[in-house]
Structures are given as structure tokens and as C-alpha cells.
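Starting off, we have a lone chain in the form predicted on its own, written out as C-alpha cells.
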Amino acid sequence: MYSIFKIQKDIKDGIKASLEKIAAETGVNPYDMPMPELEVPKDRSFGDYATNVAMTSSKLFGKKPRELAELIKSNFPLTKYIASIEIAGPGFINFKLDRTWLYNVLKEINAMEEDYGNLDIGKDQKIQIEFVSANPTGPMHLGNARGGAIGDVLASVLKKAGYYVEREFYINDAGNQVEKFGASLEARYLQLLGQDAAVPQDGYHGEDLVELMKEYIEDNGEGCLSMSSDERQLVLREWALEKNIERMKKDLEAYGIHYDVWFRESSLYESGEVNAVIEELKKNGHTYEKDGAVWFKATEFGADKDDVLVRANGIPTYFASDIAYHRNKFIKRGFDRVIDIWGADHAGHVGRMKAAMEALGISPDRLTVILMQLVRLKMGGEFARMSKRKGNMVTLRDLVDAVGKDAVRFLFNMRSADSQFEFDMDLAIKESSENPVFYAQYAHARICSILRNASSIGINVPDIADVELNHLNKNVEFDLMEKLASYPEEIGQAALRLEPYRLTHYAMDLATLFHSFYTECRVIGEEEGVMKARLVLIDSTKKVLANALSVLGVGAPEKM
């Protein structure tokens, strides 16, 4: 167990033991007592940890909160590393720690290195995260870039917290959008061969389709001219989809994302799973017919409205195939939990999908949908207007090529998914402390520079067993160690709350504390005992910062 968790456990155990002693003296049933909870006070001058257990338990014990708080304090058993216990306000109990416990943290980092921060809270629970899942009808856009960064980092966080995680991309290679894609390709193909043809008004007008058809003609000639329109569209569509999917894979790999599974929507039709799920819902009385269409009774399970499963023309809807897809995840592949990252425009779909899971006998609590808000691109102080259909958008690959994957991934994980985001291109390429990713990476590079300079004069990071760590006694040193100590807890909170953005904030906070240490504390040239201790401290900081950046999928450069 990490030192930080052991100390928290010791405090909670001490509170519990104190309450049990008071309960025995007052005749209170100890099983009625609430479990003590700890929080970190916003104002750290109050202490390192606080509990409101005296207020939540006062009625049970028939005492005023402050009176009960004093009793808890007086009965609290001696616990190592607790420097003082104070009562504040209406009955808060504040615990101040003897900060020398932080020396153990450096020993843990030294022993575990890149494994520092690994947890077992997941107990190998099987989780699937599906994210990006862009239509393969054109290049991926800014929203896909944000969803990719959030999903990939969340997967890494969950894996580090002890879950079994699979990353999945759902390829929408069936349905209405793909039909429009085929019609648009046909128009571009015919235009390039000198024939009159118009891209459908609701089709895809981007120049990428022109380039695709130029490539197709170069490789395959004019053979499609002799085909019927339906046959031509099918051939062109299948060829273009494979090209686009391959480009998606390459673009995502350049972005640092590697999927475990690429799942095709079309396979659900080929395997009969779409029809099977529709029949199951019908059989169990969860559907009705209206206007020639088959509807799912989503409102019976608390959704806002019912939804169509099969259109009047007999063709299943995207909703039907999506139900089959989620049934496949839970039933066929046996995931304990499924996490989907969708655009905010799919908010209405969430309740209906959860309703469908309940209708299939799958607990809707096993499905979590993270809704991601829109992204706006800012260049030169102006916001760019973009449309995928019109073809005037900045793609994911454009963004990665322009500013680098590290900046894109880091910046897109600066805020929670449910907040709107402005991606500032000018900030992303700035080499200054204003740029968050540069600031965090520069801290790592600066530590590497100190260690290189030390090595050049024959001074290396010593074995921690040979170091007197009590030489680390300045506030900036304790503050830095305290932040290093909190890394495992940050991983745990990010995993439990599904908040990957906590890791970017952690990296920036750690960088800030290191820069403060660097300003105040010299390493090379200090008295030998101090120098050795500080070498261990900055080496530990380098390891943890690199660890955090690795979870974010961001590089930890040694030079900048």
C-alpha cells in the first residue's frame, strides 16, 4: 500500500476506534455509526486532512458536534506521522501531519519507477471504451481529435488503475450516410471523366472525394462507366471506404492512438445480429407498429420518447444496429462495463440506448456515455468556420501536422468533456510558459539537464539507501514531495470519476512545484548530504512527471 493511502487508512481507523470507545461508554450501537470520510481542506493552513464525522454523528450520540469532536480528539489513538489534531468551526476535525512521512514516498518511487501509480482498484474488471468512431466518409475533424485524446487517455488511466481495457473504433460502413457517400463519389467520378453529374445537395462536397476518384481512375481506369448507377456506386463506395479507413488508421496512429478492435457496423447485418435483436424486442413485447414502421417502447423504461427500429420501407434504422452493437459488447463479448464517448448532439440517444439495454436484460448502469461538447478552432485571434460536408474544415491530421501530437493531446485533455473547448493554434505552437504542454515538458527537460551536467563532472544520482533524506526540510521540498505522493490518488480519482483531464492538471502542478524548487534550491555545489538528497528528489520528480506524461500519451523530452 502506498504511504499516502496508509496514512489515510490510519486516520480513518483512528477515528473509528475513537468512536467505538465513545459508543461503548454511552451505549450507542457501533453498527449505527457512519463510516468516517476524509477530505483535503481548500485552505491547507487548517491541516492536511479534515473530517465532518462529528457533525454527521452528533444526533446518534446525543451530543453537540463540537462536544463530540473534542471527545473524538481526546480518545484518538496515537498514530505515527500525525503532528496535531485541531477542532474548527461547528465541529470539523483537522489533522496536521508530520511531513517526514514524505521521505517514504521517494523510496516508493525509487523502487517502482514507471510502475509508480499503478493500482488494483479495477480488479481486472473488463471495460471497453469506444471513441472517435467517425463516419469513414471523409477526413476526421476537430471533434474527432478531442474525442480521440479523451478516450485514449481515459483508457490509459483505467488500465493503470487495474482494469482490463480494450479500445474500439466502430466503423459506420452501413446506412444512409454511406449511401450518400456512394452517390457523391459517383458524381465526382463522372465529372472527372467529362460527364454531366451533380453531387447531391445533401451529399459530400469536399475536395477529398475528388482526390479519391482521381486515384481510383488512375488505378482502375474507366471500367465503371459501363455499369448501372447502383452497381457503380457500390464499387466506388467499397473501394473508397477501404481507402478512408486505412487513412483513418494512419492518422490516428500519428496521433498516438492504437485500437485493439476495429468493428464494422456491416458485420452486424451480415451475422444477422440486427434482425435478431429486433426480433427479441418484438418477442418480449417491447415494440409496436405505427405508420408502417416498427417502434421501440423506450418510454416504458424512462426514456424521453420512443424510437424507430425499422422504417416503413423495411430497412432497419441506425438505432437498431446500435442496439445490436451494444448487445454484442455485453452478451457476445462479455464486457462488464462499456464506455462510449459521443458528441453532445447525441444526448437524446443516451436515454433510449440505456432503455434498450434494460429491455434486453442488461443493467443500464453498465453503460456509461460521456457526452463531448463542441470544439472551436482559433487562429490569429479569429474563430474558423468549418463544415465537413462543404469540405472547408481543418482535419485531425492537419492539426497534428501543424502543432504536433503532444500539444494536441495535452490541450484537448485540459478540460472535462462536457465543457466547450477553444483550441488556440497560436498557443499550441508557443514555446513559453503560456503553453501548458511546453511548460510541463520543459520541467522534465530541465531536470534532465541538471542530471546531465552533474554526470559530466562525475556526480550521479546516488543509491537512495545511502542518502539521508532528512536534508530535505524546506517547504518547497516538502511541497514537491507531497505532490509526488498524491500521484497514485490522482490516478485513482481520474479512473473512478472518468476524468482524464486530472492528469494534465497534475502534470502542470508538478511542473510548477519543480520550477519553484529550482528557483529556491541549488542542487550541484551544495554540501554533499544536501546535494545527494536533492538529486534523489529531482530524479524522483523526473520519473513521476514522465509517468504522468506517458499516461497522457505525451513525450517527456530530455532536451528542448
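For clarity, a rigid core is taken as the largest C-alpha set superposing within 1.5 Å between two forms. In this text, all values refer to a predicted model and were calculated from it rather than measured experimentally. Start at 1 with the first residue shown and count on from there.
The next section is about a form of this same protein that is not shown, the form predicted together with the RNA.
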Hey, in the predicted complex, does residue 167 get a heavy atom within 4.5 angstroms of the RNA? no
Answer with yes or no whether residue 530 is in contact with the RNA in the predicted complex, where contact means some heavy atom within 4.5 Å. no
Under a 4.5 Å heavy atom criterion, is residue 349 part of the interface with the RNA in the predicted complex? yes
With heavy atoms only and a cut-off of 4.5 Å, decide whether residue 508 touches the RNA in the predicted complex. yes
Name the stretch: of 230 to 238, 69 to 77, 401 to 409, 415 to 423, exactly one has residues whose heavy atoms fall within 4.5 Å of the RNA in the predicted complex. 415 to 423
Answer key, the RNA contact in the predicted complex at 4.5 Å (heavy atoms) among 139, 436, 182, 162: the residue is 436
Of these, 287, 104, 244, 317, which has a heavy atom no more than 4.5 Å from the RNA in the predicted complex? 317
Hey, which residues along 538 to 560 are within 4.5 angstroms of the RNA in the predicted complex, non-hydrogen atoms only? 558, 559, 560
Once everything's superposed on the core, is residue 495 shifted 2 Å or more at the Cα between the shown form and the other one? no
Core fit, then residue 53 C-alpha moves 2 Å or more between the shown form and the other one: yes
Does the distance between the two CA positions of residue 534 reach 2 Å or more between the shown form and the other one, the core being superposed? no
